[in-house]
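This document opens with one chain alone, in structure tokens, the form predicted alone.
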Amino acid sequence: MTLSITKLTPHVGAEIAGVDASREPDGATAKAIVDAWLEHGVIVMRGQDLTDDQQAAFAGLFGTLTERSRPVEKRNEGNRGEPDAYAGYTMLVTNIRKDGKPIGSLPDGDMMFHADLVYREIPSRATILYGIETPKAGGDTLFASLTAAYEALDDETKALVDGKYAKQGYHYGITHREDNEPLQSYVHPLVQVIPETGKKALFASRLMTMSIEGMDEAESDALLARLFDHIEDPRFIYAHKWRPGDLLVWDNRTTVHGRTDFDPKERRLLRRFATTGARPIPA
């Protein structure tokens, strides 16, 4: 089958057909996949059948694997008995519980828009998420384009945000913003330049961007609220409705993602890898 790429929305997301992610791609195919990811921010491949090892190998197209950020009690659900070679790198996003305790992370409910590991000095570059069990309805992943959102700003707002820095923070395991001091945080540019494309992207999310450096609290809160609403404008968003066998890869530099609510009585099991990025380049 020949690789084909279909845009999912005008600003973010593309579906790639004709790729078996369980097999190592040739050089031309690998380049086409990565180029599509850079251009569209999110790539979707349906009908995949992947072990841990195969998903990890595919994730390697997008950089060096990052060790997971939080402990997991039991990690081999959906692993079909393969050796746990990637135990330090895999994270399960699931509501499945054993003895009343989640076997993975971020189990229930909706989740505010965010990007992965932005509260560290070196944020994540790519996230590679594979659907194993999905609810009949809900639990959708929403993606918003940070490049399209930046490009749509008026010149006055661009001048206001270019060159600014913002504190990114997170309380582990939460899905909605908390106002108290985060457990881990780092200051990054509010607008970054993507080195592969030269495009500018807002680097902000409702869940994790706490404040803008050099502004008083009221001024910072007002500007961030305006930016969050702008980023989450429906014209910049792709909503992914999961099926088992879906494989998604997104760029944490050019997109933010959130989750819709779902019936907690239905099982949801996704397997996640992430790759290491670099210090964001300020605009």
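What you see is a predicted model; the values in this text were computed from it and never measured. So that there is no doubt, residue numbering starts at 1 and follows the sequence shown.
One more form of this protein exists, namely the form predicted together with ligand OGA; it is left out here, but the text below deals with it.
Practice task
Answer with yes or no whether His188 is in contact with ligand OGA in the model of the complex, where contact means some heavy atom within 4.5 Å.
Solution key: Residue-level check for His188: no, no contact with ligand OGA.
Practice task
Indicate whether Arg268 is a 4.5 Å heavy atom neighbour of ligand OGA in the model of the complex.
Solution key: Because a heavy atom of Arg268 falls inside 4.5 Å of ligand OGA in the model of the complex, the answer is yes.
Practice task
Flag His257 as yes or no: does it have a non-hydrogen atom within 4.5 angstroms of any non-hydrogen atom of ligand OGA in the model of the complex?
Solution key: Although ligand OGA is absent here, His257 would touch it in the model of the complex, with heavy atoms inside 4.5 Å.
Exercise for the section: Evaluate Arg272 for contact with ligand OGA in the model of the complex, applying a 4.5 angstroms cut-off between non-hydrogen atoms, and reply yes or no. Expected result: Yes, contact at 4.5 Å.
Practice task
Look at the stretches 111-119, 95-103, 158-166, 209-217 and give the one with heavy atoms within 4.5 Å of ligand OGA in the model of the complex.
Solution key: Going by heavy atoms within 4.5 Å, the stretch is 111-119.
Exercise for the section: Just give me the single entry in Gln192, Thr141, Ser205, Thr90 that has a non-hydrogen atom within 4.5 angstroms of ligand OGA in the model of the complex. Expected result: It is Thr141.
Problem - Members of 168-185 lying within 4.5 angstroms of ligand OGA, judged by heavy atom, in the model of the complex - result: Stretch hits: zero.
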